[in-house]
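Below you'll find only one chain, the form predicted on its own, shown as structure tokens.
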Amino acid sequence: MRKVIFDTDPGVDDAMALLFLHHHAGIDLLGITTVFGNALIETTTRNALFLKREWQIDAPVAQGAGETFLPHRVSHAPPKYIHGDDGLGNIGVPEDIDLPLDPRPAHRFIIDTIRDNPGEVTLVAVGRMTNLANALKEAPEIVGLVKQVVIMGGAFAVNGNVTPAAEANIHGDPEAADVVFTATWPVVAIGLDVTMQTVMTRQALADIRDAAGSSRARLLFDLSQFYIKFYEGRVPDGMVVHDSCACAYVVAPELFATRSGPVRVVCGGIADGATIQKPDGRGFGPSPWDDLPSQTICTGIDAPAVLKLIHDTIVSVRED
């Protein structure tokens, strides 16, 4: 069993990733921590509680950062045309969810859970890296206690999706991302290089809904329709499953091709949020990548196999 903390900003693709983690037999979901990103922190936290309730998830939810790692950095309001006014495809999420939050802020929940499970916890972070950076700031020793950090973020050999240089999760808090990449814990980045190849069609989602025959799968299908509309003209009739790719890596890393080397994040200027790796074995002059830990980025993906893994995992639990 892989012990996982899911750091997320639900978000439609976050919802699919959460259901994947909840259903996978090899995952022990220890907690859900929320961060601002696809919506304001109050909304992403409410959405996490809503999904916890609807999908009967036992893991606690801890509310995290609502602003960037460096408070002076300007952050823009999330665009509602991607995930909807409610962050979950305008399905009508109630304003209040009658479930308690963990009393700790997300970064403290992360620290405490890692300390309680030394060498066992995988952090799966699919939003801004702010909670992880805050945890490192408060308790830097956790770098030696984490099994792995798997993030959905970055664009290495392709353009970004917010600017030509930057992917949204990194662009939303570049300083936090640079802290995460340069820490001496093992990081794997699942970026746009591979996620944009992984498209879940509307028909594939309908197949999941019908095969599972559960209210969970029906809810997933319903909340995905708004997101699919956003992708019209960008991909075939469907949506890119960015965050589920990161979860798939945790249980099936053999489905990905990777490259290692230190990673830095550009903080400021026209390339704000760009992720740049210095590949191991390449010779360069002195640079800000020197003497930093080698991290892993994904450069290739067996997209059909990942999509099949998502399908099989979600339909594996047929009863509510």
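Numbering starts at 1 and runs along the sequence shown. Since the model is a prediction, treat every value here as computed from it, not as a measurement.
The same protein has a further form, the form predicted in complex with a small molecule, not shown here; the description that follows concerns it.
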* Asked: in the predicted complex, which of 215 to 223, 168 to 176, 201 to 209, 116 to 124 comes within 4.5 Å of the small molecule (heavy atoms)?
  -> 168 to 176
* Asked: Of 47, 275, 38, 34, which one comes within 4.5 Å of the small molecule in the predicted complex, counting heavy atoms only?
  -> 38
* Asked: Tell me, which of 106, 194, 248, 152 has a heavy atom within 4.5 angstroms of the small molecule in the predicted complex?
  -> 152
* **Any non-hydrogen atom of residue 148 within 4.5 angstroms of the small molecule in the predicted complex** => no
* To do: Using the partner position in the predicted complex, report whether residue 161 sits within 4.5 Å of the small molecule, counting heavy atoms only.
  => yes
